[in-house]
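Quick setup: one chain, the form predicted on its own, written in structure tokens, and binding and motion questions come after.
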């Protein structure tokens, strides 16, 4: 245990609690937000199975983005797919044994970081170069991209420029997972500390950022609704009681 280990250990504990509680809280809000209208984007599926398949295409292949902006789709695919590889590769720092899938993906995740950084750089450049995109960009949009770039670049530098003691880093995160305070020890490499600080900051602000589009897409009524407005009357749950009261009132008037 050293001072850096204590500081970053507490920081990551807090960041983990914040991101888990924050995501649960925001998802609860999404879940309870009423959707009183049938507004699926056309052409829309007319069965539940069709909706599931549509959501799969949207999440896995960014179908609507491909239809609207193919260049942006390329940059988004580069970043998200490479990020998935990098995250899978990083699971080795939190587990005692490395399963065969993660072991197979190690080289792909290592070089996938270059594709991730290239995609992020293109997305950031787009916000500066295209006038209409720059006009609607908030400071937080630039902050998210810069923060992700800092994480990616510092990770690449630790791998290919200035190596750090990976064994100590893994021991540190394993001790956080198992609540073993004796393992709270971190080397004082500046690039490593920059990398971990950026990751912790991203975890802290994730629940209040636009990155919440990741779980939020599943609650988008334009994507998750069935196109059955002609076959079935759509009434939001919160309005059902009021609707019943209205029907009863009409019956009283007819009497």
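Numbering follows the first chain given and starts at 1. The structure displayed is predicted, hence computed values, not measured ones.
There is also a form predicted in complex with a small molecule; it is not shown, and the following applies to it.
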15, 18 and 181 each touching the small molecule in the predicted bound form (heavy atom, 4.5 Å): no
Select from the listed residues 121, 174, 144, 102 the one whose heavy atoms reach within 4.5 Å of the small molecule in the predicted bound form. 144
Please determine whether residue 93 contacts the small molecule in the predicted bound form, using a 4.5 Å cut-off between heavy atoms. yes
Answer with yes or no whether residue 206 is in contact with the small molecule in the predicted bound form, where contact means some heavy atom within 4.5 Å. yes
Contact flag, residue 129 vs the small molecule in the predicted bound form, heavy atom cut 4.5 Å: no
Although the small molecule is absent from this view, report whether residue 138 comes within 4.5 Å of it in the predicted bound form, heavy atoms only. no
